[in-house]
Each structure stands twice: as C-alpha cells, then as structure tokens.
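In the form predicted on its own, a lone chain appears below as structure tokens.
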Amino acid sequence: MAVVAKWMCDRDNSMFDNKKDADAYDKMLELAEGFSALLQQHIPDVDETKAEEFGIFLAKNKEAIMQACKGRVEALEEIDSQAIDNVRPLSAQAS
C-alpha cells in the first residue's frame, strides 16, 4: 500500500495534493481576511458573511484587480462571469 502525502489548510481544513497549492490557498485566504476586515472597518453595518464573501471574491481575482488599478480597467471584464453572478449589491440583499 502506498502512502500519499496531503497538505491541509489550517484555516478551513481544505486538503491539497502539494504544498505549493496549499500555501497559495492559505495566502489567498489571508488576503481575503484582510479585505473583509477593511470592508467591515469602513462600512461598519455590513453583514459579516457578505464581507467575507466579498473579501474572498477580491482575493481570488487579485491579478485582474491589480491590473485595473494600474489603468487597465478592461481587466475587470476578465473576471469569471460565474463569480460575478454571486455578487449582488448590499442594498439588494436588504430588500
């Protein structure tokens, strides 16, 4: 019987086949946590779950966001349309 190494992310117990993917995922979650905290700091009434979802969305799409901040706004159009469908304005959630 063979032994198969797996790496686990201690933030959410996600499992990975290699350390590189596990480290990249952990860094993405760390960035998402920072985005969520920033959003909650500047919009105190935001729902914690929605702030976390938006933080993860930003972190997963950081490359396109960085390009847009550098003046290539069309990079935002490259963000997966499925991910966009999951994000709705906070005012729409309150209705």
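Source: prediction; values computed, not measured. Quick note: we count residues from 1 along the sequence shown, nothing fancier.
Keep in mind that the form predicted in complex with a further copy of the same chain is missing from the display, and what follows is about it.
- In the predicted bound form, residue 79 approaches a further copy of the same chain with a heavy atom inside 4.5 Å.
- Taking the partner from elsewhere, residue 15 is found to have every heavy atom lying beyond 4.5 Å of a further copy of the same chain in the predicted bound form.
- Looking at residue 73, you'd find a heavy atom of it within 4.5 angstroms of a further copy of the same chain in the predicted bound form.
- For the stretch 26-61, the set of residues having any non-hydrogen atom within 4.5 angstroms of a further copy of the same chain in the predicted bound form comprises 27, 30, 31, 34, 35, 38, 39, 41, 42, 43, 45, 46, 50, 51, 54, 57, 58, in sequence order.
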